[in-house]
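Let's start with one chain on its own, the form predicted alone, as structure tokens.
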């Protein structure tokens, strides 16, 4: 108990020293300047969808545009005919073999061949898709062998600045950007995909601009 009290006192002392230093700095500053006005000149593209597809494919991903009236489930089955365990909690994904939200622990997701999830915003600048956690266990995004992201093409923005203005977290309080499959490289420049997550990512655009 005495040790904890001593530690607490030490932390308070450090914080007090920091405040004292900052106070002295403020007292010695004679000239103050207003914050500069920032005029954004961010990346913009004539065709956001085309740019998104180009960059996604350049980082190892794949983009498929669903035709009008085309069944998403048929697309998924044709892209991943060997997938035996397909996870999705999206009602219209009848190709799913189980609902990941019905699993008791994230460990039960081990062995998932394919996960189908919904993306919120696509970014033309870097091919990334923002996903606000929409499954019970966020481990699904990383443990599945392959990942399919459903994205409305009308929700593709030019750059990350626009994307961040649209980001909203839900009750889970977690979200992430995914751009292509998981990748890592060592000092010998050997690139490995799927090291920390899905080894293949397909974005299906469910409508065109």
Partner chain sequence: MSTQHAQEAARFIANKKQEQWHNETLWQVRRKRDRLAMDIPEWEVLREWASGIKMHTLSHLDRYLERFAANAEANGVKVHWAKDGEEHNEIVYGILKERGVKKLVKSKSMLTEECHLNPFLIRKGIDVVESDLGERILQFMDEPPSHIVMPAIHLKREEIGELFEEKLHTEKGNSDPAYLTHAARQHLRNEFLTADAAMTGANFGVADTGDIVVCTNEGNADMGTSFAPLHIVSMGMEKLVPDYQALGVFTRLLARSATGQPVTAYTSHYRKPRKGCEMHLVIVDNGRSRAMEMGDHIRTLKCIRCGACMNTCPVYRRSGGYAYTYFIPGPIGINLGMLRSAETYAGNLSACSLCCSCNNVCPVKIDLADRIYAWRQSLDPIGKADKIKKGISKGMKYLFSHPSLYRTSLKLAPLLRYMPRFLLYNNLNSWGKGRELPVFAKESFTSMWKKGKVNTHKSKRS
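Nothing here was measured: the structure is a model prediction, and the numbers come from that model. Numbering follows the first chain given and starts at 1. In this text, rigid core is short for the largest set of C-alphas that superpose within 1.5 Å between two forms.
The following text describes the form predicted together with the partner chain, which does not appear among the structures shown.
> Quick check: do 160, 178 and 196 each get a heavy atom within 4.5 Å of the partner chain in the model of the complex?
Heavy-atom distance to the partner chain in the model of the complex: all three under 4.5 Å.
> Heavy atom to heavy atom, is residue 152 within 4.5 Å of the partner chain in the model of the complex?
Because no heavy atom of residue 152 falls inside 4.5 Å of the partner chain in the model of the complex, the answer is no.
> Counting only non-hydrogen atoms and a 4.5 angstroms cut-off, does residue 49 reach the partner chain in the model of the complex?
Looking in the model of the complex, residue contacts with the partner chain do not include residue 49, since no heavy atom lies within 4.5 Å.
> Is there a non-hydrogen atom of residue 65 within 4.5 angstroms of a non-hydrogen atom of the partner chain in the model of the complex?
Output for residue 65 is no: heavy atoms all beyond 4.5 Å of the partner chain.
> Given that the partner chain is not shown alongside this chain, does residue 87 nevertheless sit within 4.5 Å of it in the model of the complex, heavy atom to heavy atom?
Because no heavy atom of residue 87 falls inside 4.5 Å of the partner chain in the model of the complex, the answer is no.
> From first to last in sequence, which residues of 141-164 have any non-hydrogen atom within 4.5 angstroms of the partner chain in the model of the complex?
Read in sequence order, the residues that approach the partner chain (within 4.5 Å, in the model of the complex) are 142, 143, 145, 159, 160, 161, 164.
> Tell me, please, whether between this form and the one not shown the C-alpha of residue 68 is shifted by 2 Å or more, with the rigid core used for superposition.
No; residue 68 is a residue whose C-alpha shifts by less than 2 Å between this form and the one not shown when the cores are overlaid.
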